[in-house]
Ligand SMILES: Nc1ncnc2c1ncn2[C@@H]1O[C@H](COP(=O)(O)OP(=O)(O)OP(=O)(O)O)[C@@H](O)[C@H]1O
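A single chain comes next, written as C-alpha cells; it is the form predicted on its own.
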Amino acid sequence: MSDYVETINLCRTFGKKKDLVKALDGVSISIKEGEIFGLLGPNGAGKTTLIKILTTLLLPTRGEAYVGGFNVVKEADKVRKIINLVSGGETPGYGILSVKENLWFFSQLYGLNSSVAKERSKRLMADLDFEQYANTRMSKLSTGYKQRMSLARGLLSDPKILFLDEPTLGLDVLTAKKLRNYVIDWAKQERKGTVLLTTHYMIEADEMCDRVAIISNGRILACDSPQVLKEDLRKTPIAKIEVSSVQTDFSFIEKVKGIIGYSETRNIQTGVTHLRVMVNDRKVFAEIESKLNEAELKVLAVNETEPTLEDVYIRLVGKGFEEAEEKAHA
C-alpha cells in the first residue's frame, strides 16, 4: 500500500500575538491507500481543523498536505474530485425535500448522470436500510435516519477517500453499529476506499481502525495499530474501581503518589461512579482505596483489567477524554 494521505509538519494557528492559538502544531501523518485511519482526541485537540485542511476547507499556516498525491493548497480542485466528508450531527440536506430528492440534488452537484445517480441512490438507500423513507421529507427523519442519509450522500460520489468526522455522534447503539459495519465493508471489501475517522468512542476506533493517532493540543502523541498501542500497556497495572457516589469530585486521586492517570464515568441511575485508574505499582491501589475511605466514600469493587484505547490516552495525557475536555474548557 502507498501513502494516500500525507501531512508534513502541518501547522495551523488562529488569532494574533497574545491571542494566538495553535490548533495544529507540527502534525506529520501518513495514511495508506485502503486503510481506515482513526484520529482520537478531546474537543479542541485539532481533529476537525486537520480534516478541514485535508478537505480544502481551510488553509494551513505552515507545512504541506497531500491527498491522493495532490497538494491540498495548489491542487485543491483535483483533491475535491476524489474525496467526500460526512460529519456527525450535521443537517444532511434540505428539510423541505424528500430523501430521494435530496440525494438527487447532491448527485447533480457531484456531476453524476441521471442513470448513475438513480442507481447509486437506490442502492445506498437499500444498503443502509432506509429506502422506505425515500419519499419522506428529510425534516421528518429521526437522528439515526438522517445520519444514514448523510452517509449515503457522502458515498454517492463514489469517493476514493472518505472523511468521517464523528459519524455516529448521538446515535443509538444498533444504528451506530450498522453504520460502522457498512463503512468497514465499503473500505475493505466493496470499494477498497480509504477512510479518515475522528471519534470520541474508543470501541468504535478499536473495531474499525487499522491504525489510530492520538492528538492533543495540536500534536500527535502516538500513532500505531490499536493492538500495538494496547500491548505497550500490558505491564502497567490498571484497575476499575466502583464507588457509591456520583456527586463527589474525585480530583484528589491525582495527588496520590504513583498514579499515572484516571478517568471517571458517573451513572446517575445507579448512583455509582466507575473509576479507571492507572498506576506504576499495584501497591498504589491500596492507597487510592484508603483515600476514598477517608473521604467517606463506599468502595463497591476493585478489579484489575486489561488495557483499552482509553487507557492509552490516559497514559499519554493523564486523564480520560471527558476530564481532559473539562480541563481544556475550564
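Predicted, not measured: the structure shown is a model, and the values here were computed from it. Numbering starts at 1 and runs along the sequence shown.
There is also a form predicted together with the named molecule; it is not shown, and the following applies to it.
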item	value
A23, P42 and K47 all contacting the named molecule in the predicted bound form, non-hydrogen atom within 4.5 Å	yes
Contact segment among 48-56, 265-273, 289-297, 62-70, judged by heavy atoms lying within 4.5 Å of the named molecule in the predicted bound form	48-56
In the predicted bound form, the residue from H200, K78, R219, K118 that sits within 4.5 Å of the named molecule by heavy atoms	H200
Close approach of E204 to the named molecule in the predicted bound form, 4.5 Å, heavy atom	no
The named molecule in the predicted bound form - contacting residues of 210-244, heavy atom within 4.5 Å	none
